[in-house]
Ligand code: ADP
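There is one chain below, alone, in structure tokens, taken in the form predicted on its own.
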């Protein structure tokens, strides 16, 4: 062996017994090098150091026990199985096998002693104890109690790769370490000293070969915690490096035109809140820089993100550049067109729009205006990233509801503005508040701005939770509300994914309300209606020609009707917190007291009850987001790009929040002071996902 040969650089096929077929199975687990075997960590341990008497076995534990066969029989109760009854003088237990051979049954003769290991479970009123498919070996009576096993690690495995095989691979990898091979320690010594963590090889030995079953949570063992830290650091570094790469690009420099900004604020008719002004200043600083802005703007429903985006757009347009705003749905994009056109038309700026429904001569005229630079501000859906769409001088890209887009769509739009080494600025927006720890790690490649203040005039929404059996009372309340001049949303949900069934539910609700409230004007909007039909109904509701709008969750975003001050959500228990919060944000936009009624179908699960309780108790989007992350995990809050990217092996966003806070600062130090460890660390924990981080 040559000096300083690292297991990180040796293919897993270097291990004895690992041929092409086993290597393919290991690859499914992300294992390609010998070092990867050592970083594939156990998730629990089995104590095989002592034999437990059958009478002392406890349900819910994994135990080693011995017994004498009293009976072995094949039964047909629903499905064919073999039952083996064991006794040891202290009690009895049944071994159940669904897959077995007749030679197995013949070996299990009455009087034969067995040593078994498995998961103990109890059932029935008489409390019968059994183990399904235990590991077992035939022993003699003289061999009873002669145990040479200790504490065994249990690993995540895949089809065709059992625990025994993986334990053997782990032993072979450690044997190579004893022969003088090395495993690369990627953490700088300064970090190890600051956290008082053990050396890497010591950590790996403690986790793969413990002398006793660890007590308490695995995540609290220093050896395990050190590796959790490594994985979180690797994820943070991958995104920080992506941002660092973008920082090397050049971009056009825009400066704020105070006169135009004053004219704009006169047009919108209100002053910016302190939070909006702070964010505009942050964006202005970015746009003055010679490097591309990469900023995430988050703010609760109705916090005024659109006005901030307009201020940024005016800076780019004032410098002679085009601005593209991409929204996930035509409904939301159309809402933006109305808002921006009402503002910008008074400043002499034409607002163009491009949707998937635009065809033929209309499509040609729109794309020609974009290509020739006559259109300065363009709003669209995914249609903006089509190959046929060319921009003349794209300087700023704005993405709304960014979690609805994949990274490739966002970058495809950005790339339409690349000229040589000059890249456009990017502003991505979300109305889904993101918990701090999630933002620190999941969006490490973006600078973060938060609008944490609602504009004057936004009224807090009072939320009530009622059983669907109280529907009659709710309808009476609606009638009274309409008589008082209010407008009402009635939102229908279904647990099925089928859009057809959701639309049918909305149609049935509209018919029911029409029958019970014949004097009121009721409209219907759902996803299967043509775009023009939806726009017509929405327009009628906005002009107060309709009293009630029955809709599916299609109205979740992009609908702004200040006079609508009552919302009823049917089967609210079927929706997640983020969606409920978005829907509730459609009311409370005017001067009236606003109300949201969450109707549920009993009985409620504990999880659904928790969600509805949170909605009743708070309007704070960040508190709701924190709870949402606890209930669902971080995946959906992160969106398509980051959720697909951040699949942790051992780390946990909630459990390890304290470490995430530390990593945000320490990752920057590693990038600056120890750049050589960045690539090996990222490759170790992200493997094939690294390419994704380079996009």
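Please read these numbers as outputs of a predicted model, since none were measured by experiment. Positions refer to the first chain, counted from 1.
Just so you know, the form predicted in complex with this ligand exists too; it's not on screen, but the next bit is about it.
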* To do: Heavy atom within 4.5 Å of this ligand in the model of the complex: which of 150, 576, 455, 198 fits that? Just give me the one.
  => 455
* **Candidate from 432, 426, 303, 565 lying within 4.5 Å of this ligand in the model of the complex - any heavy atom** => 303
* To do: Answer with yes or no whether residue 271 is in contact with this ligand in the model of the complex, where contact means some heavy atom within 4.5 Å.
  => yes
* Contact flag, residue 589 vs this ligand in the model of the complex, heavy atom cut 4.5 Å -> yes
* Asked: Applying a 4.5 Å heavy atom distance criterion, does residue 610 contact this ligand in the model of the complex?
  -> no
* May I ask you to check whether residue 375 falls inside a 4.5 Å heavy atom distance of this ligand in the model of the complex? => no
* Looking at 295 to 303, 461 to 469, 377 to 385, 130 to 138, which lies within 4.5 angstroms of this ligand in the model of the complex, counting heavy atoms? -> 295 to 303
